[in-house]
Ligand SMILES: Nc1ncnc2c1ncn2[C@@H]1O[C@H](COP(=O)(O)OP(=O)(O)OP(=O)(O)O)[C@@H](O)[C@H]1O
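The chain that follows stands alone, in the form predicted alone, written as structure tokens.
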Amino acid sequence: MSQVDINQYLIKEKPFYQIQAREVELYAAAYNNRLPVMVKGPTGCGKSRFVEYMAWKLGKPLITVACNEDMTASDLVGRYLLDANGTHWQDGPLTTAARLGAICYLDEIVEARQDTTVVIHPLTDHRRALPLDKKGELIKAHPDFQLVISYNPGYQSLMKDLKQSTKQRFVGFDFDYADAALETDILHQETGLDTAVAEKLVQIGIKARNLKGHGLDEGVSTRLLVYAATLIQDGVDAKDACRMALVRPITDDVDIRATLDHMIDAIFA
């Protein structure tokens, strides 16, 4: 049995999250029935913050895994390790969550190999079980366990998409960037930035997002707008903050950079 302290995974302070519609009550209904949840939306729109907020609101521990293409099934479920005292089994994050009754959040699930993600299948149907083949153990998930995954459906290639056999094991939420008024309020609430300046940042964000597919792979995220607002609030010139947070990270294309720089100069003239 795992000796991990469940308290280390509890969210101690309330995360800031701006409710947009009925997502909080709908997620709560999914959790009440322990349904696995899929959260889809563009980069930096608040998916991870939402999951963190719900874990805090429900008073449940949260174990987050940042998925990547090198992640193996053993990274999720666990492996035998060798030390001075011999070999011993170490649970992976998915196994730990299933044992302790935590919410296990697999962030950007499509970055993981498909042969890795299939290990979650037995936890997402009536079985709610996790076989540890290497250990010869079958774990029955704790009654409080829930699996949550997220990804950006507009960014992955055909080689990086979830199989239908995986998708149809989840209930889903579509996330997007908030409307202008709400996003302005988010910047103000997160950083204390003056509303008038926050409105200008949001205006830049909206215009930049319109360039997606026309030179930009991704638009400016709410996360980057918060970074720009943080810099401005700390005394950095608004134009410098925007170039630093909203332009340089998202493109190396000289023409696109020039377009965005001119946009910033015009809005903060």
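Sequential numbering from 1, following the sequence displayed. No experiment lies behind these values; they were computed from the predicted model shown.
Below, we turn to the form predicted together with the ligand, even though it does not appear here.
When contacts are judged by a 4.5 Å heavy atom cut-off, residue 49 counts as touching the ligand in the predicted bound form. Proximity of residue 110 to the ligand in the predicted bound form: non-hydrogen atoms within 4.5 Å are absent; the residue sits far from the partner. By the criterion of a heavy atom within 4.5 Å, residue 43 is counted among the residues contacting the ligand in the predicted bound form. Contact annotation for residue 226: at least one heavy atom lies within 4.5 Å of the ligand in the predicted bound form. Proximity to the ligand in the predicted bound form, defined as a heavy atom within 4.5 Å, singles out one entry of 190, 199, 91, 144, which is 190. Out of the listed residues 120, 98, 186, 77, 186 is the one that sits within 4.5 Å of the ligand in the predicted bound form by at least one heavy atom. Considering the ligand in the predicted bound form, the lone stretch of 67-75, 124-132, 164-172, 100-108 in range is 100-108 [heavy atom distance within 4.5 Å].
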